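In the form predicted on its own, a lone chain appears below as structure tokens.
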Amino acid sequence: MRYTTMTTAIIIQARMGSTRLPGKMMMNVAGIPLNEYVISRVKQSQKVNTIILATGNGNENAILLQEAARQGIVGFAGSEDDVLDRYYQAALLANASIVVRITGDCPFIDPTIIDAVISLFENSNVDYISTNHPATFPDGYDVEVFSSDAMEKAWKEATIPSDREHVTPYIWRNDTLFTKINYAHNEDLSSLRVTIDEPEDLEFVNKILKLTPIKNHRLTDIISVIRAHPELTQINNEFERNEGYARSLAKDQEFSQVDDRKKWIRSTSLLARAKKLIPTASQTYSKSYNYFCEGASPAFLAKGKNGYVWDVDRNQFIDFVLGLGPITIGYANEEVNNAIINQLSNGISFSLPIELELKLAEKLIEIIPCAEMVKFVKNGSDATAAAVRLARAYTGKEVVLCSGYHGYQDWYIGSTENNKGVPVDVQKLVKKFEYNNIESVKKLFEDHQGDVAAVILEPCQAEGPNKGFLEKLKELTHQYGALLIFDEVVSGFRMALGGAQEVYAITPDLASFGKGIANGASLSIIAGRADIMKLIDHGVFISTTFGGEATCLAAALKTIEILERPNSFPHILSLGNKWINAIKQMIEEKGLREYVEVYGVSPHAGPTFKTVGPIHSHDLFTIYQQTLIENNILSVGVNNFCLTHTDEDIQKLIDAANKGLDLVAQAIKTGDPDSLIKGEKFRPIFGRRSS
């Protein structure tokens, strides 16, 4: 159930797995389960719109959700231990602007006190009000009221266990971040205990209720009974108030002493949820937990600025992944953002083409050597698939020769080990050749005489093309009546505006571009000869609803404008060269050439690891990557560099890589890499890392 209006929501926190009194929520209070009793008390409040029972996602809590439904309130199951996240998600469900926190072990909770605290909150310009700071009500009459904005800030920023488990400490501890006041009783009754955490508490509560003549009792009624029978307080007066919170503080001390890893509390919680909802817990394989040392690495990011990102646990990293390549300028670049915002005010998608499509097309034809016409799609897979379709239509042939990674569409992915769901006949139409080996291409042409429609490759792989390779490849391709396609999804707008074809002065018939064209906005293009591209008007169907999505076009134009400035590419290339020279030197000095080599060229380069004997490449990379993460570097080995990275950032990368390679050398020497691995091992979807 999701609500459409803003609301004040009481969220009752309850679970069956209590440490001190397991199953207490279904234990009898005045002849009915405690859970039912508390709900019946809370339902008497006159100031709330919605009541939610928020429990943990363990199977044992299903009975509480059933009871919530029976009582006519909303049940929500969230994180077992990260109760702050549980509250946050429950509040989102209710679209709550004001959140009232009640714990399910307080059978005497007084609805008139709940309403009084809510009224005070509504008439006070503060973030948080409670009955607890300082406590003047008995333990068991606790009411906390806070804004959803305050809770969201705590949810984003709180990291230590006590803040996550007890929901509000981050708010009431931080005077500089939040405003708060206390709702106090006119008499200090804080020494009395009427909550249920221990067997003695349950005994005490039931004896009090037997002596209470009023069913809908209030605080004054309970105090009257206690004062008439003071001996009853001896039943449970040995227990301290907020013992659970005190234990959490002890956990905080243990937590703070763990200095050999980052704190991944929220990442861990979000990952557990994501695994249940999203295959691979990510929209992209290479961004998933499988690629980032699960347990010793962040799993979710919260924001980015320039060359830096912050994870959901507020750890900051220098990011050399850059979204797998799209970030060419830097995260949240003000100029690009403003271009998007300005277009946003005019609309995003339209019913006819807009002028921006023409402006961007003109600019791309100006800067890309092969571009006589262009077509916009949304991602690299779209662009490569479109180029292959055009080549097959133009030549009347079906076989495609490829080298590199070309996306998830059937035509290519069928040639890989991840080919489930691709018809066998489709798989047979793609043949792979070895980059920089012209003879391997020639043999495939001879083996498939008259059937090859196109040769498609990433034009810059490893350390780039050997002298004459691309020239010979173009000549051979045309000799056999096929088209040459450059997959410049990675190299375009990163090596140069015009991509590898500009750098190497080889013009293909068609090319696909993506990733870096719009600094993170979703856009890719097919560019090529006009006689081929015009087939789109004559039966080659390439059409997407969002190809002309306006904010991405605005972002692309501004990104290109920035990259055209004189010092942009020289700066990016100088950072990459500094990195390549340093990593090669470290590999050499540490005697690791047998196990590590450098892949790529200046704007897209880094170490790749090799399996030698019993030492697996994935183990070595895991050790290397986790060391970088411990030193606040985010990397998948082969790094990307952006305009807002600095020489200092590169030096930090070099220093962290030096430490990582030292541990790699140690693992090789001892033959025991597992002893150095702190999380799960790197688990790529392909043999070589690809995106």
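Residues carry their position along the shown sequence, with the first being 1. Everything quoted here is computed from the prediction, not taken from an experiment.
The following text describes the form predicted together with a small molecule, which does not appear among the structures shown.
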property: The unique member of 130, 415, 379, 103 whose heavy atoms fall within 4.5 Å of the small molecule in the model of the complex; result: 379
property: Residue (of 517, 489, 196, 485) lying close to the small molecule in the model of the complex, criterion heavy atoms within 4.5 Å; result: 489
property: Options 404 to 412, 476 to 484, 91 to 99, 187 to 195; stretch whose heavy atom lies within 4.5 Å of the small molecule in the model of the complex; result: 404 to 412
property: Heavy atom of residue 458 within 4.5 Å of the small molecule in the model of the complex; result: yes
property: In the model of the complex, residue 328 touching the small molecule (heavy atom, 4.5 Å); result: no
